[in-house]
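What follows are structure tokens for two forms of the same protein chain, given separately as structure 1 and structure 2.
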Structure 1
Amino acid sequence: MNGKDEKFITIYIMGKKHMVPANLTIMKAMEYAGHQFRRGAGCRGGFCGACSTIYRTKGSYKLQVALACQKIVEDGMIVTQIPFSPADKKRYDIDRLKPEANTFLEYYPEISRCLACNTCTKACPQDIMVMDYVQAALRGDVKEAARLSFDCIGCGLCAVRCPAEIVPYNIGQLARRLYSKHVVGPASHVLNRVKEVNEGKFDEEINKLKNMPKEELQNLYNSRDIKV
């Protein structure tokens, strides 16, 4: 951005009118307008869900959702952030749980209220099939619930919009841990290697490298076989 031939547009941040450069993300536009984020900014790269935003565009009744760091401003846009969604995350001991529908119903019984209205899916800035994973959990398909929810960044917008007051991202989190721990289980070559390390199998080799003169180590490095 060189600032010279910049096109400016009007946006409304929590109702207040601001002129901002047209090519900014909502996040940068808010900063341009003078906000210093305490809440509402995180990774700034679409991975953390701190900057959940809802907005309407000029002339539209539709309430839309976005991550402020990933969405470009539009002329006439009216925005506000929802940097937090109130949700009761249940405490559980993952070791003792079973990967089945009853586990979800025990901790989050409200999922049985799912109306299958798909509002959650429409509210997801990651385009995740939220309703589908909630339904998968409800029928005990832990694998499908884990797979479909995987790209969830926990922004909370689904929970804010759900008319049945379900907190989908908590369901997804539980599903993924259940699936990995109790359906897939650990990789045996990892367990074997841990055992070998604990038995001291590599101690002597590594000690040798640790105490090697730098030049010798360099030669060893430069001549190491690479199999990738």
Structure 2
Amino acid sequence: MNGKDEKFITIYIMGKKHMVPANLTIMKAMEYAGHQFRRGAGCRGGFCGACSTIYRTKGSYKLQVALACQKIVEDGMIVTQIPFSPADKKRYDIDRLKPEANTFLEYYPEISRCLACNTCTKACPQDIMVMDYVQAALRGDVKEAARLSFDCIGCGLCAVRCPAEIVPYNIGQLARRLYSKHVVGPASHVLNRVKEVNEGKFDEEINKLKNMPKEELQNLYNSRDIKV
């Protein structure tokens, strides 16, 4: 498609009107409009959760959420970014905790306020069953809470939308830590690799990389085998 045939639409970024190509993501549209990302951008592929965005579409009163690198712009869309979702993350010693419901209630008692409205699930850009893992944590089902929250990238959009003021991604993280530490334990291959590192197996290779010229290091990185 050439420039003359390309369709342009109107969007509003941080309250300012811009004309942008209709097929861009919010992130690319913001860059097209001249916005330079100093924060709020990471992998650009929907995996890091850094580009949390609130938007409203033309003619709608609803505030909606998305990742800017995933959502395609719409005519009349109003967007603003939230670089991070402020939340109170509790400190705890995972070695001393027990994988049970009381642990969740001790550190995050607000989960008892869950309305089961499923708003958190609807807000999740990863299509994670957020409400279900919060309910599993409330029941003390650590394994299920860990399983359902496994793909969480911590973007914070679930917490932004929760009417009960719960921070689900903190719940999921605690569930995964409890499950890993106290239910399944460390994987044998991880323990073996830690042993190898401590024994200095990779010292020579690491020192070689540290002393390698920048251009050579870049070429090595770009030509590496990538498993998909």
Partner chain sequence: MSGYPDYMQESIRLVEKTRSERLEKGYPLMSAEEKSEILKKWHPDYKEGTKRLLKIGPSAGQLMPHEVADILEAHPIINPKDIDLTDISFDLDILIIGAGGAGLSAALLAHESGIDPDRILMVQKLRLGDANSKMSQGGIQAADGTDDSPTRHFLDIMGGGRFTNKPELVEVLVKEGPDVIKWHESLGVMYDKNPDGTMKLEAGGGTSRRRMHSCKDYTGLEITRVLVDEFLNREIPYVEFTAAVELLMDDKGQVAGSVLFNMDSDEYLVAKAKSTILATGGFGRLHIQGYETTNHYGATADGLPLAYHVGAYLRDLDSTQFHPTGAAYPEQIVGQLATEMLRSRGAQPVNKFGQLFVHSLETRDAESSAIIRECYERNNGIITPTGMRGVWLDTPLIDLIHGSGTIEREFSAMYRMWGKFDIDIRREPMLVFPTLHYQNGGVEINTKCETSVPGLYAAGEVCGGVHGKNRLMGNSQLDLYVFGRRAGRFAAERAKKIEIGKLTLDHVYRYERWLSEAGIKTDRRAPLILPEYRGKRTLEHKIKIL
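Rigid core: the largest C-alpha set superposing within 1.5 Å between the two forms. One-based numbering along structure 1's sequence throughout. Being a predicted model, the structure only gives us computed values, none of them experimental.
Engineer: Does the form predicted together with the partner chain correspond to structure 1 or to structure 2?
Structural biologist: Note: form predicted together with the partner chain is structure 1; the other is not.
Engineer: Could you check, with the core superposed, whether the Cα atom of Ser188 shifts 2 Å or more between the two structures?
Structural biologist: Yes, the C-alpha position differs by at least 2 Å between the two structures.
Engineer: After superposition on the rigid core, does the Cα atom of Leu63 shift by at least 2 Å between the two structures?
Structural biologist: Comparing the forms between the two structures, which are aligned on their rigid core, Leu63 does shift its C-alpha by 2 Å or more.
Engineer: State in degrees the rotation separating the positions of the smaller rigid part between the two structures, with the larger part superposed on its C-alpha atoms.
Structural biologist: From C-alpha superpositions, the smaller part turns by 38 degrees.
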